[in-house]
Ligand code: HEC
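Below you will find one chain, with nothing else, as structure tokens; this is the form predicted alone, and questions on how it binds or moves follow later.
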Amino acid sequence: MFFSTIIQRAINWVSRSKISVTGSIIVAILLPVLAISFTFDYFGFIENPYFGFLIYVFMAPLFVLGLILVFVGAVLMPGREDLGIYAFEYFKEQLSRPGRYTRVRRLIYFTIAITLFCGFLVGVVAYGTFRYTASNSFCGQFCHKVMEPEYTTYKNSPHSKVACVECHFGKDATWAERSKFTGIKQLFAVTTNSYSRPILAPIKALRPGRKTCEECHRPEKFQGLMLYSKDSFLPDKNNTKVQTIMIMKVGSGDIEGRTAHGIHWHVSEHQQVFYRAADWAREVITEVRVVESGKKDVVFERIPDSNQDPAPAAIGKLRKMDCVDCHNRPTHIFLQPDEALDRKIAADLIPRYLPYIKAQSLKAITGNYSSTKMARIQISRKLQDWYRTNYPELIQKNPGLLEKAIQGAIGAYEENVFPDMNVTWGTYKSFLGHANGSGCFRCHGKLREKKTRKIISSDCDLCHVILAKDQVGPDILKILKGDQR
């Protein structure tokens, strides 16, 4: 009896305004749908980025809007009648009558329960929305075409088990807030088709490199030497395997009493390195400044290419060197065609015993294709035509051999080239190392000290000692494995 009276009066209270009626209809329709959808999403019954968008970016805000309309319409914009059971005069009258206190208390409890329930729903909605917009599926799959290059390379990277938000804004509230506002701008760019192709590296929008990287990688443990081995395959008939073996001088900064040395000397806190670039991509360095407490700054300037060509003008402020100035693509790693094929052959995704497969695959995947679909067709056609012309018997005896090679070559292409986003071989360069004169050689051998005119050394032994370079079965590897026969 009591609850039926409460429900009846609540209906009367809501129906006093068209606004509150509209809000109650929205709430009544969305509440069961939202509850079921949230349950499906929470337990992972449906894995689709657009399903999450429907729940947290469309239905959830609309549900909250319905609650707001109910409150605004019933409390702030009622009809001609009084507010009924929720009016101050009503409670005053009920409390002044003997024996009515229990009834009023029940009304208060009911009101508090409804309020808490609505607050709980809003909290769940807010948390779910935040969780969804911070998920990998939202970051990489929602805007499928736009983020396809970054998401594809992320899945193939050493950091594929690390959530996108762990690096892009971490646990810092300031960077989280900044990322959300940046995300709104990016969604607008996608909606209006005004985003850049390819996507520019967000140098200024990222958290400081050391603050991000050092959440997992401990700089105090960077020390000593590291053995590095790389397998490659020559573009000859036998796809000959060659190996490069070197000792990397990892070194360390001046941490825990150690003297800064080796590769990680660059992140020393005792003698900090700053630089200025002439381009957004930071490929042309025009100034390097070494700052050490108690000493005058040591300044290096770029050497002009010739006496007639002055050094390019610098832009922007001095930037303190950190992890991402060398490890600029720690997750979104785009390979060159030669290395992409080497990895497929090493993993036996491209059969090495197929004659000239490295050379022919290299020709096929470096063609200029207008779309990924066209690339698949042309890569397949080129390889089929060449092998049917030059090795028809081999292909006839092993029909699945060429097909496996074709799929491996297509995989090497699709993991690194994205025509729709104007991403091709070499669009995104890696500064780790010094391939094609980039990376280390942006500064080493290119700048000289202003006073002494001494050039920053480009001596190989500064960072590594090469034990074998593209050798077949190098002796040093046999020694390291204990096989000296």
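Not measured: the values here are computed from a predicted model. In this text, residue numbers run from 1 along the sequence as written.
There is also a form predicted together with the ligand; it is not shown, and the following applies to it.
Enquirer: Although the ligand is absent from this view, report whether Met147 comes within 4.5 Å of it in the predicted complex, heavy atoms only.
Expert: Output for Met147 is yes: heavy atoms within 4.5 Å of the ligand.
Enquirer: Using a 4.5 Å heavy atom cut-off, state whether Tyr228 contacts the ligand in the predicted complex.
Expert: The answer is yes: Tyr228 has a heavy atom within 4.5 Å of the ligand.
Enquirer: Flag Phe431 as yes or no: does it have a non-hydrogen atom within 4.5 angstroms of any non-hydrogen atom of the ligand in the predicted complex?
Expert: Answer yes; at least one heavy atom of Phe431 falls within 4.5 Å of the ligand in the predicted complex.
Enquirer: Taking any heavy atom pair closer than or equal to 4.5 Å as contact, tell me whether Phe300 reaches the ligand in the predicted complex.
Expert: Yes.
Enquirer: With the partner absent here, would Glu214, Met246 and His264 each sit within 4.5 Å of the ligand in the predicted complex, counting heavy atoms only?
Expert: Yes, because Glu214, Met246 and His264 each have a heavy atom that approaches the ligand to within 4.5 Å in the predicted complex.
Enquirer: Of these, 399 to 407, 381 to 389, 360 to 368, 288 to 296, which stretch puts a heavy atom within 4.5 angstroms of the ligand in the predicted complex?
Expert: This holds for exactly one stretch, 288 to 296.
Enquirer: With the ligand left out of view, which of Ala277, Ile199, Val242, Ile395 would have a heavy atom within 4.5 Å of it in the predicted complex?
Expert: Contact residue from the list: Ile199.
Enquirer: Which one, Ala375, Leu335, Leu349, Cys323, lies within 4.5 Å of the ligand in the predicted complex by heavy atoms?
Expert: Comparing distances to the ligand in the predicted complex, the residue within 4.5 Å is Cys323.
Enquirer: Within 406 to 445, which residues come within 4.5 Å of the ligand in the predicted complex, counting heavy atoms only?
Expert: The stretch 406 to 445, when checked against the ligand in the predicted complex, contributes Tyr428, Phe431, Leu432, Gly433, His434, Gly439, Cys440, Phe441, Arg442, Cys443, His444 at the 4.5 Å heavy-atom cut-off.
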